[in-house]
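In structure tokens, the next block holds one chain alone, the form predicted on its own.
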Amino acid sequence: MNAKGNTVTAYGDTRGDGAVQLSFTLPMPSGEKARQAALVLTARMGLQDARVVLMDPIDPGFTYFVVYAETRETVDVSTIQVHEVAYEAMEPEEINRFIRETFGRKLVVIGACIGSDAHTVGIDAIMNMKGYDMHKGLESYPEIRALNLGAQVPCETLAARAAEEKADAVLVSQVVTQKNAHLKNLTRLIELLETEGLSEEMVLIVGGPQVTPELAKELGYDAGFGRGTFPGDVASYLVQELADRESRRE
């Protein structure tokens, strides 16, 4: 830890001990040779004082390891720049009241998994009535008309439906990332919305396990949400962003 308290390292039993836990599989049958191979590999990663605490044969010719070790590396967190989505978290009751008082109408929000992506867990968690982890989705908000188009929705279909419904916001979920399919799909949707002159009128939000705020902005979206996002997070950002836009137009 430096004088300003900005430098940190891994924490295990004692602050600053550099303790880490590593797990991996080697394509080797379980045995002493495999154990030594795991230790050599750990040492070549720059870790020290490694100990194999689990060596589990998971299949003929494959062994799973858990290794405890220590690192001498540190990181100065003051040098790290993070671009977070800026909003003030609000409770559902606050959000609905804010919509009534600010806009005087229901907001229209359309969501979908685009392209070949068939993973609806993320978009359903945000949009569907039941939500997840005791956080109800946007369908439960009386002041939001939430339209979940589901999975494998062509970008052209989503863009056309957003225009037809005069949506206030478009929520896109992308999980499939093989061969950068998510980047192609997200870029294609932005191109379509820009062509129709809709990208400035609607709040465009993208979510998924590989999504970061930086990536979202780079692709032309207003905000990006990753793992651990609840419906209230999206709704809070959405209503505040729409209100800011209206105030700028006045």
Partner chain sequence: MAALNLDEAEVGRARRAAARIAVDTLSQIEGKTTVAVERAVLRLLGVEGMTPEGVPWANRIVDDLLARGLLDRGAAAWFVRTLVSRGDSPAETAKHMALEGLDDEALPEVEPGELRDRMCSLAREGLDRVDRSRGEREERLARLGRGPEPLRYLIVATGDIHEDVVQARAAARGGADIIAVIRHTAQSLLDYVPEDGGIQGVGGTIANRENFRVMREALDEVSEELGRYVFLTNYCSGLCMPEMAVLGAQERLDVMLNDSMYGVIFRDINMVRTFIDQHFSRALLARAGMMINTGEDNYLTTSDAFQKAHTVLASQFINEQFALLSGLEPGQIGLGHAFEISPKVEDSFLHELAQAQMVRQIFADCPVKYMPPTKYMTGNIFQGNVQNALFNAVSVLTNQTVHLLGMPTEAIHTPHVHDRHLSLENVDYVFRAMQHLGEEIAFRPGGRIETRARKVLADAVAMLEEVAGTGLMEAISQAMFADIARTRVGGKGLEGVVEKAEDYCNPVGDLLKEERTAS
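Bear in mind that the values here come from a model prediction, so they are computed numbers and not experimental data. Positions refer to the first chain, counted from 1.
Just so it is clear, the following notes concern the form predicted together with the partner chain, a form of the same protein that is not shown.
Novice: Test of understanding: in the predicted complex, would residue 200 fall inside 4.5 Å of the partner chain by heavy atoms?
Specialist: Looking in the predicted complex, residue contacts with the partner chain do not include residue 200, since no heavy atom lies within 4.5 Å.
Novice: Residue 187 near the partner chain in the predicted complex, any heavy atom under 4.5 Å?
Specialist: Residue-level check for residue 187: no, no contact with the partner chain.
Novice: Is residue 121 near the partner chain? Define near as a heavy atom within 4.5 Å, in the predicted complex.
Specialist: Heavy-atom contact with the partner chain at 4.5 Å: present for residue 121.
Novice: If we define contact as a non-hydrogen atom of the residue within 4.5 angstroms of the partner, is residue 152 a contact of the partner chain in the predicted complex?
Specialist: Residue 152: yes, in contact with the partner chain in the predicted complex.
Novice: To test your reading of this chain, name the stretch in 156-164, 87-95, 113-121, 139-147 whose heavy atoms come within 4.5 Å of the partner chain in the predicted complex.
Specialist: Looking at the other structure, the answer is 113-121.
Novice: Thinking of 11, 15 and 56 as the candidate spot, does the partner chain come within 4.5 Å of a heavy atom on all of them in the predicted complex?
Specialist: So, yes: the whole triplet contacts the partner chain.
Novice: Residue by residue through 69-97, which ones have a non-hydrogen atom no more than 4.5 angstroms from the partner chain in the predicted complex?
Specialist: Not one residue comes within 4.5 Å of the partner.
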